[in-house]
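Just one chain is shown here, as structure tokens, and it is the form predicted alone.
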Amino acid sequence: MIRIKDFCYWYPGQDQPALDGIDLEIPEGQFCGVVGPNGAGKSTLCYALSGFAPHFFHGTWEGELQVGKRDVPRSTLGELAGEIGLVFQNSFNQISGARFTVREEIAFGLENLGLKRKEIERRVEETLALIDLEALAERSPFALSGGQQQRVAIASILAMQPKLLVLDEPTSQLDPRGTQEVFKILDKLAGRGGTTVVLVEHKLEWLAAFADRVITFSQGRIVLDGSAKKILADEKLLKLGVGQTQFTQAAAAVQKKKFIPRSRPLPVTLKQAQKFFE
């Protein structure tokens, strides 16, 4: 699905690359989490995958970046819009403001693609059901809670049926309930096997519970890559300033006191922690 080889990207006027020699492959249908300290290159990865870098932010690049059969840096944003969806950190940056209801907002992108009316109506209804927005369909997007608005932003992208969904910290402004809503939706999408999900996120407990894989960035490079269970238990995350889940930290503290053998793998989820302390 995603194939990146020796890819570098420089923002305009910058001497140091924001992405520096990235090699990465992500298969179709995988739920992939991305973590790292501020300035590590996580958001730039999102922009590169969606074509916003270089087409919107400009700058220079080298290497290869393919999504499916699409050469992303050499394709226009118009060509990418129907295949790759990007959800921003703040839903206010994504909701158009050009439509009065949730239903109309979801249809807005499809109208711009020039789809036929019946096809637009079908996709909107399917997406409303998928994201559990049917009860809010006739309300204004700006009258919703933060979690609901983020669901609308995601729905607007999903209605375009992208093969790849890229999200840049979509839960950073959400409470635990709103965060749970977003993760359940992403889990459902990736579980269906038709949508590849790449999610930049700081809430490690949620990544531990839902992500198949976690990639760690530092200074524009990939420094750790593997299963969520393996990477989120790695103590290197502490040195990088990423941290660990509360379950991992508690278990590590107990092991340090020698109450539990160090040979026992550290947990990253609540369920794993319960077994760890049995």
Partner chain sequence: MKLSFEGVFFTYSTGVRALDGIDLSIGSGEFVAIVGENGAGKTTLVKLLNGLLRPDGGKVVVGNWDTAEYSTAQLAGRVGFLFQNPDEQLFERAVQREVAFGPRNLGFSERKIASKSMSALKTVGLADHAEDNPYDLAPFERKLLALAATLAMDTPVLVLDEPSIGQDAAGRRRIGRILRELHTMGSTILLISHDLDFCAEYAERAVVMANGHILADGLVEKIFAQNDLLQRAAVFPPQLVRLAQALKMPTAPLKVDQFVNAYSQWHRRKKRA
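Bear in mind that the values here come from a model prediction, so they are computed numbers and not experimental data. Positions refer to the first chain, counted from 1.
Keep in mind that the form predicted together with its partner chain is missing from the display, and what follows is about it.
This chain is drawn without its partner chain; in the model of the complex, the residue among Ile231, Ile222, Ala53, Val242 with a heavy atom within 4.5 Å of it is Val242.
This chain lacks the partner; the member of Gly109, Pro73, Pro162, Gly146 within 4.5 angstroms of its partner chain in the model of the complex by a non-hydrogen atom is Gly146.
By the criterion of a heavy atom within 4.5 Å, Glu119 is excluded from the residues contacting its partner chain in the model of the complex. A residue is said to contact a partner when one of its heavy atoms sits within 4.5 Å of a partner heavy atom; Pro176 meets this definition for its partner chain in the model of the complex. In the model of the complex, no heavy atom of Phe210 sits within 4.5 Å of its partner chain.
For Pro37, a non-hydrogen atom is located within 4.5 Å of its partner chain in the model of the complex, even though that partner is not displayed.
No member of the trio Gln30, Thr127 and Thr216 reaches its partner chain in the model of the complex with any non-hydrogen atom inside 4.5 Å. Contact with its partner chain in the model of the complex, judged as any non-hydrogen atom within 4.5 angstroms, is confined among 91-99, 76-84, 110-118, 152-160 to 91-99. Shown here without its partner chain, the chain has Gln246, Phe247, Gln249, Ala250, Ala253, Val254, Lys257, Phe259, Ile260, Leu270, Ala273, Gln274, Phe277, Glu278 in 246-278 lying with a heavy atom within 4.5 Å of that partner in the model of the complex.
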